[in-house]
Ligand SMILES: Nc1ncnc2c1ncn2[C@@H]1O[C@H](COP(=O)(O)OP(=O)(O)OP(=O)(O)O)[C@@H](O)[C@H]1O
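One chain follows as structure tokens, the form predicted alone.
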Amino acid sequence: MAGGTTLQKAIDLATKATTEDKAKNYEEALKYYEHAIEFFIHSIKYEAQGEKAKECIRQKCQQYLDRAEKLKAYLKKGKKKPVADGEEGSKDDKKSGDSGDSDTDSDPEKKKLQSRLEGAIVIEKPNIKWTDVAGLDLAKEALKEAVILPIKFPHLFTGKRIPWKGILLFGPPGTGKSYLAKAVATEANNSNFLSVSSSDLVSKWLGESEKLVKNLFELARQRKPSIIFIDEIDSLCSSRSDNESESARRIKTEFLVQMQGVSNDNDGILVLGATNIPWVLDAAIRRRFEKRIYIGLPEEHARGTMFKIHLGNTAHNLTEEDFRKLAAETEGYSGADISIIVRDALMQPVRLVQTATHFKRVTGPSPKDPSVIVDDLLTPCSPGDPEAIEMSWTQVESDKLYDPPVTMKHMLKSLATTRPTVNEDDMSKLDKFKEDFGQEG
């Protein structure tokens, strides 16, 4: 779904829900309320700008959630008299409640914390497949082993053969750790994917942060099979020390207990962590991540593939030999660095259009309809070209511009001005951690 439309979709669904509610079509109304709440939560997480807007959406969301709960209770009990919108119901109703449901319904504080975490659930799949991730074959195999196989072939994982419960992806920035997590969210169709960061779990109120951590894992258990992805996990689980705050220590302790505590059943739950600085993680947290996979800088063949992926369907005249040359010259560059090189190269034809003083007529596909070939397009050219027409880009009609293709010259120019973001000191620390605690990805 296109950005900016989720909130409007939520409002439309809520309008339909209230219409069905007034018409006493309670089952239909409940469906619309539930769908509207999902889209409201998605909007809070990814679209709403500013705390004021988020708070306003939260209030409406809570209002629809309360009404949905009443309708759910009414439909479950099959009452003859429907609960009026805004009524609290009788005392007997409150006592009997949803006795078959979890404690969440009877504990308003717990319900509030879990509704706050609902925004961590990825509703819209990122649509990134394994094939979109260049290289990282060992990391992909480990994730398939931990996520995809147990869902597809549960009979394989019985007795002592159990899937991995914790996987840590570590390596230099920009190498695809979060991108791999997005691929997992897409490929694990039957799993609930909860993507959280420190801002989702840290609260200014005393004791609330630990409850948020506990409720995160309870939410995952209710919805299993589940994947909990924690990006930059070092911000939550750094080494414990005597001079750290009490609240930070309590968050780490709760995390340790929830990941592998005596009374916690984590079957069907995978905790996926990502970090650039794994050496700051607490030893107990490190132990709970059974697989620690090093996501290193891309190899030469992977770099060549990345150039092709980032170019996409943009017009270019690069050959296979050009891609091999670019891959050879980008030793030490991360996937993010290559993305920046390509983006800069893609902008160079645009800069050429801006600075051009002469254009010439060419034949090519129409910008409005690529299937139609026209012969009156204009493209930048040198003043010495025999067909050159002196004019600036402001005089070119919007549907008459033929954008120049990306060339190897553009790529080399961008490469000359873009430096890698990782140096040898960073790599030596990561290599040391890999030798001591990790495995190659």
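Quick caveat: nothing in here was measured; it's all calculated off a predicted structure. Start at 1 with the first residue shown and count on from there.
The form predicted together with the ligand exists for this protein as well; it is not shown, and the discussion that follows is about that form.
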property: Exercise: Glu232 in contact with the ligand in the predicted complex, heavy atom 4.5 Å; result: yes
property: Heavy atom of Val133 within 4.5 Å of the ligand in the predicted complex; result: yes
property: The ligand contact at His310 in the predicted complex, heavy atom, 4.5 Å; result: yes
property: Exercise: Ala336 in contact with the ligand in the predicted complex, heavy atom 4.5 Å; result: yes
property: Interface stretch in the predicted complex with the ligand - options 320 to 328, 210 to 218, 336 to 344, 147 to 155, non-hydrogen atom within 4.5 Å; result: 336 to 344
property: Interface residue in the predicted complex among Asn266, Thr186, Ser178, Gln348, criterion: non-hydrogen atom within 4.5 angstroms of the ligand; result: Ser178
property: Of Gln260, Ser247, Ser195, Asn276, the one that lies within 4.5 Å of the ligand in the predicted complex (heavy atoms); result: Asn276
